[in-house]
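Next up: a single chain in structure tokens, the form predicted alone.
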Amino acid sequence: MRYNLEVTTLPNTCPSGDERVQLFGLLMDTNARLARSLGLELETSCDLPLAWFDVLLQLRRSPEGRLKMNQIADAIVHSTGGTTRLIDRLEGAGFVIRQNCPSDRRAIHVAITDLGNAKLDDALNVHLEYLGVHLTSRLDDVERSTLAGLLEKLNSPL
């Protein structure tokens, strides 16, 4: 099969120049750049992938220090299969353990271990330094407050 690779000029009605498309693109580009550079910093400084950091942080933030697999998948926006593989690797490193859920025999809890907490503490120090350079030093107090309010608004249900 052959593809026509000619470049065509799109009419002025093409929505790629729409402010909404550009705003969303800017949001996505900013997220991708920050995630990529933070991930590199965590890998270099702590030997901890960003996805692992995210799971450990979600577990630390949970009231009981543990979450069901589906809760982790929802929190980190992964498929359940991808989350299972991720938890397998974290468990292999000794950072999390699986526990049976006492109230639902079908459910499995994932809990952070002491080793996982220690690794997360190291990573959080790196994360805070990273945020100081790439976020807080670039925005003043009012800008940070405005950004937080706007992001909370975008993250709230419709």
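Start at 1 and count along the sequence shown; that's the residue number. Since the structure is predicted, the reported quantities are computational estimates derived from the model, not experimental observations.
Missing here is the form predicted together with the DNA; even so, the following discussion is about that form.
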{"item": "Full three-residue contact with the DNA in the model of the complex, heavy atom 4.5 Å, for R61, A111 and R138", "value": "no"}
{"item": "Sole residue of D47, D104, D121, D29 within 4.5 Å of the DNA in the model of the complex, by heavy atom", "value": "D104"}
{"item": "Residue among L57, I97, L38, M69 with a heavy atom within 4.5 Å of the DNA in the model of the complex", "value": "M69"}
{"item": "Residues in 137 to 156 with any heavy atom within 4.5 Å of the DNA in the model of the complex", "value": "none"}
